[in-house]
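This document opens with one chain alone, in structure tokens, the form predicted alone.
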């Protein structure tokens, strides 16, 4: 599997009563596949993975694989504080037909990079799917040093990609790209693409993040990989108000925007997550109208 390109993190749709909305989820996967994304990631942090029952995870993975229909790859978030539990989630993803898993370490009472390395090594030793190693200190409270990340790449063949979300991301992306030895893997940027242009400028190989307009991420990345950084910056600057507004804490804004696009039936956020405030929803409508005046956002837009 090639991990260069755009791999959107998908929201998990719920009905108004909090139950899974697999119909909207199917529509969301098919929409992304139709845009030509290189893969989708389900059950990420902003996919509310920590609010899922095991049987719900199974249903979501199966639906994603079916909806992708081989047109795009499916990466499954499989992080868990327990190593054996993580391996179990990886095995579930493999058995249901996923192409890769995304794994992040969990915080320990006493920080220990050796234990973090052992965590990834034991998961890899299970011989399951390729691993996207996620470096996202904001959610994990684990700060993986650059030497540790480079060691993961050099010594664990199952590590097929690094998702770099430790700020300052441009500095870390550049250091990872420069520090890799004989074995090299793609480095993808996340954090809602807030620093995406700058990460791509120093060598990031694409996006692995959520944004309600993945076609914009495709266009920004396509320009950057072609060396047209002026066009990449133009697109980034044009959509920056939406990127910033969507990246407020939680997932409520993104879900409301996906509802506005006709992809989700409701913007319900599973408890204890909060729904979008009406004042924020009004601001969101204003931002969309300013950035995309007169554009029908229920269709794939032309950035």
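Quick caveat, the model's predicted, so the values are computed rather than measured. Numbering follows the first chain given and starts at 1.
Here the subject shifts to the form predicted together with a further copy of the same chain, a form of this protein not shown in this document.
Interface stretch in the predicted bound form with a further copy of the same chain - options 126-134, 197-205, 157-165, 214-222, non-hydrogen atom within 4.5 Å: Careful reading of the contacts points to 197-205.
Of 89, 74, 187, 102, the one that lies within 4.5 Å of a further copy of the same chain in the predicted bound form (heavy atoms): Selected residue: 89.
Contact label in the predicted bound form: residue 51 to a further copy of the same chain, heavy atom within 4.5 Å: Heavy-atom contact with a further copy of the same chain at 4.5 Å: present for residue 51.
a further copy of the same chain contact in the predicted bound form: residue 259, any heavy atom under 4.5 Å: Answer no; every heavy atom of residue 259 is more than 4.5 Å from a further copy of the same chain in the predicted bound form.
In the predicted bound form, residue 36 touching a further copy of the same chain (heavy atom, 4.5 Å): Because no heavy atom of residue 36 falls inside 4.5 Å of a further copy of the same chain in the predicted bound form, the answer is no.
Distance check, residue 229 to a further copy of the same chain in the predicted bound form, heavy atom within 4.5 Å: Yes, contact at 4.5 Å.
In the predicted bound form: members of 225-247 within 4.5 Å of a further copy of the same chain, any heavy atom: Heavy-atom contacts within 4.5 Å come from 229, 230, 233, 236, 237, 240, 241, 244, 245, 247.
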